[in-house]
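Here you get one chain, nothing else, as structure tokens; it is the form predicted alone.
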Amino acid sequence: MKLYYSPGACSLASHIVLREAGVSVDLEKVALATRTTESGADFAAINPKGYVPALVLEDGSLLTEGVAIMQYVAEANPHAGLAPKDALSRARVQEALNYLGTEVHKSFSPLFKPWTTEEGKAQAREMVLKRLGLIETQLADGRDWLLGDAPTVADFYLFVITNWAGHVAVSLDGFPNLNALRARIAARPAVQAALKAEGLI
């Protein structure tokens, strides 16, 4: 398999999950500004959506959208324990992934756009903090992970999204439970390996 990624982007979550599952995968970096890969290929011809992640499966087919990739990898590799077995628990993971993707991730998006006004950025930061505040409250019961007694793909996605905070002047100082979860994730060998492979540490 081959994962097309951009260092530190949301594709990092798929990269981490692949490593957590012990899946051997080739990596190819994408320059999002030019839509070219490090081997010189036209990324738009590989993934017409034009953004990462994109995962070429062993049969040559393409899977896109980080949430779909993470769920696929988790369910295809049950030994890794990243996908719950019962229907309600799986739905809880999907619930968390949808919230992270449609609310938290997208709340960060205006902060990376050069055309966003300062007023727009201020509003986006306020929304990010509001969305993360809900997660902080959910973690206040002393749990180590978002869902259950072990990390799921949702924890890794949350880690990657919140890594953007320092780049866009969003302070996480008021989120001790979230920061504790982030530290637990950051310490995992697979996470360290993914960060190193992408040149982030």
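Note that the structure is predicted; figures quoted are calculated from it, not measured. Residue indices: 1-based, along the sequence shown.
The protein also exists as the form predicted together with a small molecule; that form is not presented, and the subsequent description refers to it.
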Based on heavy atom distances of at most 4.5 Å to the small molecule in the predicted complex, which listed stretch, 171-179, 63-71, 128-136, 141-149, is the contact stretch?
63-71
Residue 9: touches the small molecule in the predicted complex, heavy atom cutoff 4.5 angstroms
yes
With heavy atoms only and a cut-off of 4.5 Å, decide whether residue 44 touches the small molecule in the predicted complex.
no
Should residue 35 be counted as a contact of the small molecule in the predicted complex, where contact means heavy atoms within 4.5 Å?
yes
Is there a heavy atom of residue 90 no more than 4.5 Å from a heavy atom of the small molecule in the predicted complex?
no
